[in-house]
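First comes one chain, alone, set out as structure tokens in the form predicted alone.
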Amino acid sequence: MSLRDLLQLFLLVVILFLSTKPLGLYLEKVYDGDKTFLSFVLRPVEKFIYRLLKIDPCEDQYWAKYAIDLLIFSAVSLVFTYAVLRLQPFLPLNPAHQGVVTPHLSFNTAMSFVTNTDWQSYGGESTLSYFSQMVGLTFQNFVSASMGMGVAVALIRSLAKKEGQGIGNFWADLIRGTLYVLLPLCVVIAIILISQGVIQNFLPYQEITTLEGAKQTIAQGPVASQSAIQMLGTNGGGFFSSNSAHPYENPTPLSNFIQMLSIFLIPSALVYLLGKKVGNLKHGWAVWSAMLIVFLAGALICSHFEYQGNPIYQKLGCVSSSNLEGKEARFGIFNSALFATVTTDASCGAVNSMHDSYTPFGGLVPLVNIMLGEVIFGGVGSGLYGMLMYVILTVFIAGLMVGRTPEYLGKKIEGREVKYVMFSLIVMALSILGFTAWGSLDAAGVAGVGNPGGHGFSEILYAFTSATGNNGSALAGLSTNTPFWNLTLAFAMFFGRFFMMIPMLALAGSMVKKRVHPGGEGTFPVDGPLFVGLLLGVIILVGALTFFPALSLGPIAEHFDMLQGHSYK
């Protein structure tokens, strides 16, 4: 790893740190309904939407009402997106004359984008029209991201309130997050990406003649607008099948840097919002520090093993054994490994290199990032409420150590809250391991595996981990556009999204009713190095070791086979 690599990593962290507070303060104004610098333009639009949908934004909803509205909106979104894909040939903006998307692929894609997963069992430029990309998928990129932000803010409200019943208004959170946060930021990011060469047009596909005299079709389309929200909303679904490895979607090192920064912007700001609203900024920064430590560890480990490459090449006398396979020359090893770490720390899933080509331990890092719950800054909203699960579990364990009722921010943590947390963690583990076992034994599942041995198992494990974690990236050797894979992955996405969201809303409903008690000598402080260390320990023990047996059969076994010079045939 070079000094240039370290300086780039340092620059990314510094810019992220400097943007966290101002964006966090802006989020506070948005979700409190206060006046912002965009209110003179957007407030009339917001009020019009409320009148059109007959919504009272001041209604403070009980958690169950918030959850029901969320589920209803998600169900309608699922049907709408499915219909757009099935009716694609009859809808406008289809210059390439794309045909009907099959029922199982339509269901998988609709579930994928509604759950903010953006798993793609298709090639965007070869399957979908401009209308499907924009109205069906990009629209879901906005609202699914806004839903995640809303749930995180609802949980923050429940912790900040001294006592109450309501956790906010789903519709107000959805509309404000979309109008005031995602749309303005996406306009700015899209303009920056266009300046770097990302295309944004409605031209028909261009047919050119290559130097060899062959005909080649060059896809066109409104790429920059979709790329901006896929990063900012931690969606990840690329316009092109090769995603951010495509020169039309991510042409320069600067566009690559902007995309990585975009992925972390809102998740980082939400952590500051947590500290601000609960009146303990030190706690917010302590959580932020824990996220940063795990992020840096993952980035350095992943890039180290990619630079090390395969030791067999060294024995053959190769000058450099660095693993350049599957990586774009314009980004190189470090930018590829860093992007892979960022996109799996958050529930993004965009890729600028092929994770299937990584070394066993290089590919282990993105896989473990998702298994941890993508709480290392994480997805917009989902990362924070996922991390708060670990925080509550940490406080509970600390309370048991000193023999008193655990407290978090002055509110007692009791059996009900721990059950909500454990339910989410267990469902995540069951979905990943259960579906992986099914895919490894079922003939229809094994038929999609592109590689034998440990790497083939890793492809299956990664697929269901990515789906359950609502990430969307993949080890690309797996062929998933079949009824078995499209349906099982769709249900894994469903469990990973809503069996996390609903318990977190129930947790918010439970916490909001608790009175705040003044801390005493036995209260575990949640704003110091001891808390950060214990939180990291809980994340590793609960998040990583749960999946250690499965990892041993995949990337760990493959690593030791590589060291012994074994190959799979």
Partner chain sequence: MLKQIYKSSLKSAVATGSLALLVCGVYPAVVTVFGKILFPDQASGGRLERDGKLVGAKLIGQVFTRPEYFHGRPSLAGSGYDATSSSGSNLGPTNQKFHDSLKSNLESVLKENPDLKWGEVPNDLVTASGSGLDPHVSPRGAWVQVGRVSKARGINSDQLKSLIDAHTTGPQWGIFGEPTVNILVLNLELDRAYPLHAQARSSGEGLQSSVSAAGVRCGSETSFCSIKQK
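No experiment lies behind these values; they were computed from the predicted model shown. Positions refer to the first chain, counted from 1.
There is also a form predicted in complex with the partner chain; it is not shown, and the following applies to it.
Taken together, L7, F139 and A245 are fully in contact with the partner chain in the model of the complex: each brings a heavy atom within 4.5 Å. The closest non-hydrogen atom of K35 lies beyond 4.5 Å of the partner chain in the model of the complex. Shown alone here, P253 lies within 4.5 Å of the partner chain in the model of the complex, counting heavy atoms only.
The partner chain is not shown here, but in the model of the complex it comes within 4.5 Å of a heavy atom of P360. By the criterion of a heavy atom within 4.5 Å, V41 is excluded from the residues contacting the partner chain in the model of the complex. Y205 is the sole member of F491, F423, Y205, F498 with a non-hydrogen atom lying within 4.5 angstroms of the partner chain in the model of the complex. Note on contacts: among L265, V427, I199, V368, the single residue with a heavy atom within 4.5 Å of the partner chain in the model of the complex is I199. In summary, the region of this chain contacting the partner chain in the model of the complex, judged by heavy atoms within 4.5 Å and restricted to 405 to 413, 382 to 390, 83 to 91, 128 to 136, corresponds to 128 to 136. If you take 43 to 62 and check each residue for a heavy atom within 4.5 Å of the partner chain in the model of the complex, you get V45, I49, L52, L53, K54, I55, in sequence order.
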